[in-house]
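First structure 1, then structure 2: two forms of the same chain, each alone, as structure tokens.
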Structure 1
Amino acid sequence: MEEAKIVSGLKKRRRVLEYLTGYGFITPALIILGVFAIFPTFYVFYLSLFDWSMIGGKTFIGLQNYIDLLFKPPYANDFWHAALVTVEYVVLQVPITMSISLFLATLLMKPIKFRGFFRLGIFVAYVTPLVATSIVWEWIFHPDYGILNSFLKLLHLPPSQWLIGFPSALFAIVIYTVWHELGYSTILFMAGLTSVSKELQEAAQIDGANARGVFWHITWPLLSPITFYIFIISLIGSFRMFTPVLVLTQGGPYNSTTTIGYMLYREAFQYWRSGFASSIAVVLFGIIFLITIIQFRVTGKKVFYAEGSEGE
């Protein structure tokens, strides 16, 4: 009896010790994530209900910031314009990046020489700092001395104003971001293609399907989860796009490159309208949250899952 009591007591002590160690181990991470990720998420909703300029007192105004942002000129004009620019940017950038990277990934999957070299060359832009590479592209886009217009001149094509023109500035930013992001989605597509079953492709070939047939009837459907994943992260990335806008155009000319992400920065840290900027952040969060929900819905039901891609 006594012995059993002691043993169970020891077990209990050891279990309590494990509990305590467990909490001890997660505490440092929890403190940082709590202070800099969980708390701010709730706090920004609270801040969005105030008229406030960071310094000085807060005035509670309820949903007025949201009403101003969505319905009341001149703020609403700015916001809907930024929303339109963001959509234009998404509609241009995402399909271009995705189609080129899928094409490149299929080429890179062939048994070719120098594969590592090509992959490296295509990917390297992705890891480089945005401000540094933006400087180079600003020079490439220079309307008078930029190499891009020199090239157009050689081909007897009309030069463009690029970053200082309308609507060319948006195209220029799209070119820059496609250049910067292309490698990332190419790598993801390559990972997706690796998981597409070789046997199925070969079986289809034996049954007389040509390369295009194999791609559209076998590879493409099997690739759908990764395609959708890339689509979603590109979409979210586009909504948040900020640094290239700040460095290359500062939102101009005539706000033609002001995205929602850039508008948020300008309102918060140049005009110091903190309450109003908080409401932009909440709306941006709402949009991204909606996209994520749609992603969960779609991947949960319709999209074919490649083997092993479910995670756990």
Structure 2
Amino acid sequence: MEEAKIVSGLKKRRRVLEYLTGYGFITPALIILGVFAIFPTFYVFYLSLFDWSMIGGKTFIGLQNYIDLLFKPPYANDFWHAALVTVEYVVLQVPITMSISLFLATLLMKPIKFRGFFRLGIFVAYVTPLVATSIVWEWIFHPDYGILNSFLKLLHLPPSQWLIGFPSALFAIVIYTVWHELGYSTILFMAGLTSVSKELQEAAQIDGANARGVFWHITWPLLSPITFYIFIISLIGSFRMFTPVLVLTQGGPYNSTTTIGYMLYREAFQYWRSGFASSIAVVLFGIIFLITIIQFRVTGKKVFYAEGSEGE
């Protein structure tokens, strides 16, 4: 009886030590997550309830910032215009990036010459800082000395004003961000393609399927989980797009490239209205959260997971 109590006590002590060891390992990560992610999120919501210019005391005004932002001109006009520009940017950028990335990933999975060099070249753009590449592309888009207009001239096409024209400025932002984001999406698609069953593809070919049939009926369904992940990540990143607008156009011309992200920056660090800017951040968070939920409900059901796992 005494031996059973001693064994039971040792087991409990070992279980407690295991719990303490586990929590000890994850505590540094939890502290970093709490300080740099969770606390700022709640603090932004707290600030959105105040009128504050970053200097001096805060004045509690409740939901007035949200009422001004969503319903009261001219703030509401600016916000809904920025929301429309953001949606236009997302609708253009995300499908183009995903389509070209899938094409490049399929191409780079083939045994072509200099494959490693091309893989490196595509990914280098993604790891290069946004500000540095934006400055280079500012020269590329230059209406008088830029490479793009020289290329259009060779094709006997009229030159474009690019960053200073309307609506070419938004298209220029889309071109730049597609170029910058290609590397990340292409690498993910390549990782997804390596997991596609070669046996199923060969079985389809033996049954008479051509290359297009193998892709649409075998490769594409098995690639749907990684496609869904890239779609979610790309959509969230596009709604938060800010740096290219700051460097290339500063929201112009005529606010045609003012996205919600740039409007947030302008209110916080140019007009020094931190409370109002915080309300923009909270509304943007709500929009992204709502769209993500809808995506999981609508698109997530069409994702095919192998080995009998659930579709959501």
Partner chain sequence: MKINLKKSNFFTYFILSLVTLIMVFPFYWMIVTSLSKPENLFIFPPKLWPDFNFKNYVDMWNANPQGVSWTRYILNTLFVATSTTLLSLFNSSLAGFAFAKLKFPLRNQIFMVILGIMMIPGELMLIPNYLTLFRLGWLNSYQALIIPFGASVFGIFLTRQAFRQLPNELWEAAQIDGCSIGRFYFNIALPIVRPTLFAFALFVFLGSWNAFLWPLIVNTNPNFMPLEVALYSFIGAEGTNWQLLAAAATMATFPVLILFLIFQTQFIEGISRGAIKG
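No experiment lies behind these values; they were computed from the predicted model shown. Between two forms, the rigid core is defined as the largest C-alpha subset superposing within 1.5 Å. Every residue number counts along structure 1's sequence, beginning with 1.
As summarised for this chain, the first structure is the form predicted together with the partner chain, and the second is not. Hinge residue among Pro225, Phe285, Glu138, Ile31 for the rigid-body motion between structure 1 and structure 2: Phe285. Comparing forms between structure 1 and structure 2, one finds the smaller rigid domain rotated against the larger by 11 degrees. Core fit done between structure 1 and structure 2; CA of Tyr19 shifted by 6.7 Å. Lined up on the core, Leu10 has its CA atom moved by 8.6 Å between structure 1 and structure 2.
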